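What follows is one chain in structure tokens, specifically the form predicted on its own.
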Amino acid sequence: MIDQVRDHVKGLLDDGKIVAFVGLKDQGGNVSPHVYTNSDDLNNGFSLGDLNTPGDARYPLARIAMTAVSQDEKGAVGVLVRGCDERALYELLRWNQLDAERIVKVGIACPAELAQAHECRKPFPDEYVAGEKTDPVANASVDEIMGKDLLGRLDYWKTEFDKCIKCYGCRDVCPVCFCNVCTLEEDSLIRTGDIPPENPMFHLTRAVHMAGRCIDCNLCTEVCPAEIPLRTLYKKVAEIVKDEFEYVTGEPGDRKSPLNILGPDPGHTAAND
């Protein structure tokens, strides 16, 4: 699988279809993001990570690609995408953070074990170079918590939020967090000197901010040192947005999030009402 992907990327670089490729590199056993600028570099540590190990070598590659594009005035940038990375790219395009003509996707499908670990709703991109499609996974974590009564859910989340050490890891790893000024650092809303942050203001503020934007990649839960199940919270918010506005994040098409519209939504017609 890795040879198939590497050969494909080499062809893109050699043919001048991309000026750089955002992928992964194994450096002494540590896999991290890397921007490849020539095909020879692909022979030194090119990696797809351990696809069968939940939590291994997953990064917000879509946002890194956004940075790579901004640093080059011309040319397209290739990017390694799983299903979640592609969803992130779709949302970044809708929020005018990327130009579709300057992104070339090199897709890989995730195995069933990885999809199950992340309750992935679509563990493969629309176009992919390698891997086999696996089935989507239901929101079992949301169903479990929604099985509690109202007070039970309130106690559950208050207990989880009390674990927060305010490291900002959930924000920093998010592929669709691109604000120049972060609300979570506004002292008038979230007192920046308070550690841990006021419960539940910090996490509910972020949950509302992610409404209509979160693409369900689970990176926030993976990086949280306190192991707060943030993905479960955002999944529920996404369900509400879908029920109320008939909008699902990370889908192809022109329709924007209901929270990303200054005028009439061109993708929403009377037939949708």
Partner chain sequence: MKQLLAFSGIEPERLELKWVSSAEGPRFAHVVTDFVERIRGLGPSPLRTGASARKAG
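Positions refer to the first chain, counted from 1. Computed from a predicted structure; not experimentally measured.
Not on display, but discussed next: the form predicted in complex with the partner chain.
J.: Quick one: find which of 143 to 151, 175 to 183, 85 to 93, 117 to 125 has residues within 4.5 Å of the partner chain in the predicted bound form by heavy atom distance.
T.: Flagged stretch: 143 to 151.
J.: Between Glu244, Asp50, Asp40, Glu227, only one gets a heavy atom within 4.5 angstroms of the partner chain in the predicted bound form; which residue is that?
T.: Flagged contact: Glu244.
J.: Just give me the single entry in Asp155, Asp194, Asp99, Asp72 that has a non-hydrogen atom within 4.5 angstroms of the partner chain in the predicted bound form.
T.: The option sitting close enough to the partner is Asp155.
J.: With a 4.5 Å heavy atom cut-off, would you call Thr232 a contact of the partner chain in the predicted bound form?
T.: Yes.
J.: Answer for Val237 alone: is it within 4.5 Å of the partner chain in the predicted bound form, judged on heavy atom distances?
T.: Yes, Val237 is a contact residue.
J.: Given that the partner is absent here, does Pro200 sit within 4.5 Å of the partner chain in the predicted bound form, heavy atoms only?
T.: Yes, Pro200 is a contact residue.
J.: I'd like to check something about Val248: if you look in the predicted bound form, is any of its heavy atoms closer than or equal to 4.5 Å to a heavy atom of the partner chain?
T.: Judged by the heavy-atom cut-off of 4.5 Å, Val248 is well away from the partner chain in the predicted bound form.
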